[in-house]
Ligand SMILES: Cc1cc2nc3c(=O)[nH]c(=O)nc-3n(C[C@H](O)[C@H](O)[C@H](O)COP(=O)(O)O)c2cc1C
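As a starting point, one isolated chain is supplied in structure tokens, in the form predicted on its own.
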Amino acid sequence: MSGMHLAYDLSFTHTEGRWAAAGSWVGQDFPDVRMYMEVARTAERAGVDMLFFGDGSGVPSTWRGSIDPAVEWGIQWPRQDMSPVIAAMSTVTEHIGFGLTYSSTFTHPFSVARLLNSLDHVTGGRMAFNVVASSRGADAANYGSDHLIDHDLRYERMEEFIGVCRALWDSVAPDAIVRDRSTGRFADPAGVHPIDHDGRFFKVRGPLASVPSPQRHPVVVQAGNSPRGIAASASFADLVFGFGSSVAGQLRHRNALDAALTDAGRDPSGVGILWATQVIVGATDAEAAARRDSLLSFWNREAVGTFISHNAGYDFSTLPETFRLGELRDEIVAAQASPAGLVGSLVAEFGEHHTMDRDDFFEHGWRAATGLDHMLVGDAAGVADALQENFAATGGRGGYMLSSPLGMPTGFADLSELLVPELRARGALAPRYPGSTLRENLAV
């Protein structure tokens, strides 16, 4: 078993009421880049491997078919393109990596490959690309689509998308750049070639009109946890972003991924999973519990419904008083939404024939929205114990994508100043920045 890697998920530093929490965004308002620069410096001092930004390009509109609840309560919005913020953070750090998200469902691989190449240069080889398949109608509408394409087809498009990106990143060989000052000859044409890709979804001539970046290929991260999503992970991901509110759920994902990697001819030991985990750490257990309790009053039924409907791509306001979990899952699949997540975890826990009523479902939804279903709360020693125990139980490959429901930057400062030093003192973490690039530091 290797040491665990740690990333911070900075996707929601201001949504779901965080902006109003005590000590949050004091003197600054989202998206002030100075706040992110401060977090980056603190995280690097602690030796955190990566700062990660998820993304979505639409205002949530699934719940009741309206953007109004999301707008009113700040649920999963506002969102910015964080690529300029990453560039700024890189100027005040030297080692920590950065994860950036784009959707293969709506964006074009040439644009994304070019941007990631440029950011890899700016950061000195510290970029990761989190590729997602979009399951939200609000995003689709902003890219001119009236409906989502088939769930499995989205992953077929993703696989082709990554294939095009990689071909573009390889279309200019590093040794083709000669920069001969005596002759003025910049590059050898024999090392620069079109990719001439003509596939089902994309037609791209290439080459990429860029100099190869320090990593050439940014680290590729993928988070699909449906059977088709896991197959996509196995085909190309360097690192997987995983979910699971229980060890049993995490092991289902780990075992399915290992089987898919083996089928794809890849070594399962080389692909880690970063488990999404919310953490509230305090100087004492009581202090951490008080911080947790202070957050829960934010979540009314509208906020919960907006959150879980957006993340599933299915309007849960339409639920009948009672329903079978398997029937709900099948309806979600038929709507080309995401059958994983909350509903998938409930099916796994209770079985597809289990009958549930609305109130019970929304109680589970509340736990998912608040993060209580994947939250660790306690002092540094107690949280470190739980992480080490879970890491061993789930195979000891990868680590954790830590998020905080507390104010910004307080929650992440607590992680950097209390939890990470505790884990490092125990020898639980992977070596601190052993290489010059993110790929080397993550050993992928």
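Numbering starts at 1 and follows the sequence shown. Keep in mind the model is a prediction, meaning the values are calculated, not measured.
The same protein has a further form, the form predicted together with the ligand, not shown here; the description that follows concerns it.
Enquirer: Among 236 to 244, 353 to 361, 85 to 93, 319 to 327, which stretch has residues with heavy atoms no more than 4.5 Å from the ligand in the predicted complex?
Expert: Among the listed stretches, the partner-contacting one is 236 to 244.
Enquirer: May I ask you to state whether S309 is within 4.5 Å of the ligand in the predicted complex, using heavy atom distances?
Expert: S309: no, not in contact with the ligand in the predicted complex.
Enquirer: Does S118 make contact with the ligand in the predicted complex, using a 4.5 Å heavy atom cut-off?
Expert: Flag for S118 set to no.
Enquirer: Test of understanding: in the predicted complex, would N225 fall inside 4.5 Å of the ligand by heavy atoms?
Expert: Contact check for N225: yes, within 4.5 Å of the ligand in the predicted complex.
Enquirer: Does the ligand come within 4.5 Å of any heavy atom of S134 in the predicted complex?
Expert: Although the ligand is absent here, S134 would touch it in the predicted complex, with heavy atoms inside 4.5 Å.
Enquirer: Considering non-hydrogen atoms and a 4.5 Å limit, which listed residue (G282, G272, P212, P339) is close to the ligand in the predicted complex?
Expert: Checking each option against the ligand in the predicted complex, the one that comes within 4.5 Å is P339.
Enquirer: Check each of L148, A369, A276, L346 and return the one that places a heavy atom within 4.5 angstroms of the ligand in the predicted complex.
Expert: If I apply the 4.5 Å criterion carefully, the residue I get is A276.
Enquirer: In the predicted complex, do T105, F129 and F201 all put a heavy atom within 4.5 Å of the ligand?
Expert: Verified in the predicted complex; spot residues all out of contact, no.
Enquirer: Does anything in 45 to 83 come within 4.5 Å of the ligand in the predicted complex by heavy atoms, and if so which residues, in order?
Expert: Stretch hits, in order: F52, G54, D55.
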